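Shown next as structure tokens: one chain only, the form predicted alone.
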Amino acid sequence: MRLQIGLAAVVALSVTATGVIASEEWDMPMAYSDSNFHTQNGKTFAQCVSTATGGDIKITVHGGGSLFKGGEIKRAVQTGQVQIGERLLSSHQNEKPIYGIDSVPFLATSFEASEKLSKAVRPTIVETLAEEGLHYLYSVPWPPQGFYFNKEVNSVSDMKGIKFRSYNSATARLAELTGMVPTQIEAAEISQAFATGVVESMISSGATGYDRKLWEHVSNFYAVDGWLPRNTIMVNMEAWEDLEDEQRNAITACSEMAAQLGLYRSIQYTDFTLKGLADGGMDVGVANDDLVGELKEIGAKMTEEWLEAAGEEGKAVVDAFLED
């Protein structure tokens, strides 16, 4: 109810006069299926923008990587092939280390910590994206990450040689340090990759496994709460600057609403999807203390590596996040 009232307030405060400002039609590619909560949240955001601008800006959401694959979305927005898009920003850590801060293992392991980290890094992310011709709108966290395996795993040694789906630099490095074999696979290709044996394990949220019916391919999910990666919604800077002030204000208001609604949906989706994995036949549980301890040792090494790559900029953000 409160979220519905919030949407109504956004519309009431942001609606612009129609017939004065030129109409815009934007395409918004997203990497995840239409049923995924991120895509649903994107559609709610798009509806809010249309309503709040009196129909002057209409955003069409293209889910499931149907318009551009996940790895192509950021570039598509940068080059103006589309005006707006959503991307898992940590997938671009190889371009700028700061993009990978939300995937530093065991740095921020809860929704509360994720929001605090996001707040600490946001000014830097906003500035970095602007340098690349992109305007930051908002971001939404995934549920905490856990491991999917097709066998019982009680220690890092049990992981050796397993073909592992990676989705960014952090997950590829994690695979290397645990003895697994990483292969970069975008979200839209997960089901096929598991079905054909290209990969047989991954670390992701319960939401991803539920959406892809991963119980058809693997038997175990181990909650480790490694991190909460975030999807970021961004706009081509030229397209943003071409808008009228009223339009930008409306989109900003809808972005604030979508950030809060997305967080709420992510929290609610966590328990729902883990139950869904179990109902599908998967053994869902918490990783044992020995395995978590080994993973945290690996996480500490990865944190050191990330801080070295990110330099003073990254250290300043982490220090700000760790302050009480």
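Don't overthink the numbering: it's just position in the shown sequence, from 1. Please read these numbers as outputs of a predicted model, since none were measured by experiment.
Keep in mind the form predicted together with ligand PCA is missing from the figure; the text below concerns it.
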Answer key: of Val235, Val199, Ala108, Leu88, within 4.5 Å of ligand PCA in the model of the complex (heavy atoms) is Leu88
Only hit among Thr178, Ser114, Ser139, Ser205 for heavy atom within 4.5 Å of ligand PCA in the model of the complex is Ser205
Assert contact_stretch over 141-149, 154-162, 216-224, 117-125 against ligand PCA in the model of the complex, heavy atom within 4.5 Å, equals 141-149
Subject >> Distance check, Pro229 to ligand PCA in the model of the complex, heavy atom within 4.5 Å >> reply: yes
May I ask you to state whether Tyr32 is within 4.5 Å of ligand PCA in the model of the complex, using heavy atom distances?
yes
- Task: Answer yes if any heavy atom of Tyr99 is within 4.5 Å of a heavy atom of ligand PCA in the model of the complex; otherwise answer no.
- Result: no
| Heavy atoms within 4.5 Å of ligand PCA in the model of the complex: does Tyr167 have any? | yes
